[in-house]
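Given next, in structure tokens, is a single chain: the form predicted alone.
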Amino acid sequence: MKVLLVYAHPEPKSLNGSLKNFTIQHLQNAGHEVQVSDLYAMNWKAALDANDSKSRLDKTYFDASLDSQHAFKNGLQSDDIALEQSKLLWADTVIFQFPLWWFSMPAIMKGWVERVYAYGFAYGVGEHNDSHWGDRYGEGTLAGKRAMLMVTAGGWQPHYSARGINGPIDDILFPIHHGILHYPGFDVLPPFVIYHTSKVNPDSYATICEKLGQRLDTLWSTTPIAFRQQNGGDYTIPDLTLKPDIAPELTGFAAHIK
């Protein structure tokens, strides 16, 4: 299997750095091919702007979507964007590893998504008609590939429980799982989350690595989160709301999982 690890942490000697190294070694020892996008080490440019195209559509006005579409369609993307897209197309599975900072991924990783997910690559794909509203939410360029989040959190696990003060971890990660991964087609695996990171010691680190190794060994067999497909019959088109007979007792995030 070919695995891409997209990694965001500024300190190589951190817990995340150690887990990154463990993940690479474990996968390689199991015979898998691994590529790594270490965003801080790469000095990744986070801001999406007019410099992402080698030749602008309109030099007097920058339109983030249309300029992205023009650059992707005509082979005019900056080299760093094109390289990351090639890694995504190469990979069977993508692991996104990051610390949970202010209830989301670090800005550098969000910038990776904004720049690499070009118009025509990750969105704006597929035909729109009365029964099919583009290739997204279960369809699209990355359909058939798997993705998993590997997340570290400083808070205690109960803080992220169903009644915890921070809110359920599945709700916190829903915008990433559903909007960043499921949207362009990934089959999204349940996340691997490490809590209370300041209290990790050699004994607990060994336990974490044991559990992580088990997850890595089952990347290809773990059942994905059962997100509903946009064009699978559960949603009305074009307003893209759930049909009245689909989970009528549910609203919010939970309604979009079978």
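One rule holds for the numbers: they count along the sequence shown, beginning at 1. No experiment lies behind these values; they were computed from the predicted model shown.
Not pictured, yet referred to below: the form predicted in complex with another copy of the chain.
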*Please name which of the stretches 73-81, 145-153, 132-140, 86-94 has residues with heavy atoms lying within 4.5 Å of another copy of the chain in the model of the complex.*
132-140
_Quick check on Asn21: any heavy atom within 4.5 Å of another copy of the chain in the model of the complex?_
no
*Quick one: is Leu66 in contact with another copy of the chain in the model of the complex, heavy atoms, 4.5 Å cut-off?*
no
*Decide whether Ala122 counts as a contact residue for another copy of the chain in the model of the complex under a heavy atom distance cut-off of 4.5 Å.*
yes
_Contact label in the model of the complex: Phe62 to another copy of the chain, heavy atom within 4.5 Å_ = yes
*Looking at another copy of the chain in the model of the complex, do all three of Lys2, Gln28 and Thr207 come within 4.5 Å of it through at least one heavy atom?*
no
*Relative to another copy of the chain in the model of the complex, which residues of 165-180 have a heavy atom no more than 4.5 Å away?*
Ile165, Asn166, Gly167, Pro168, Asp171, Ile172, Phe174, Pro175, His178, Gly179, Ile180
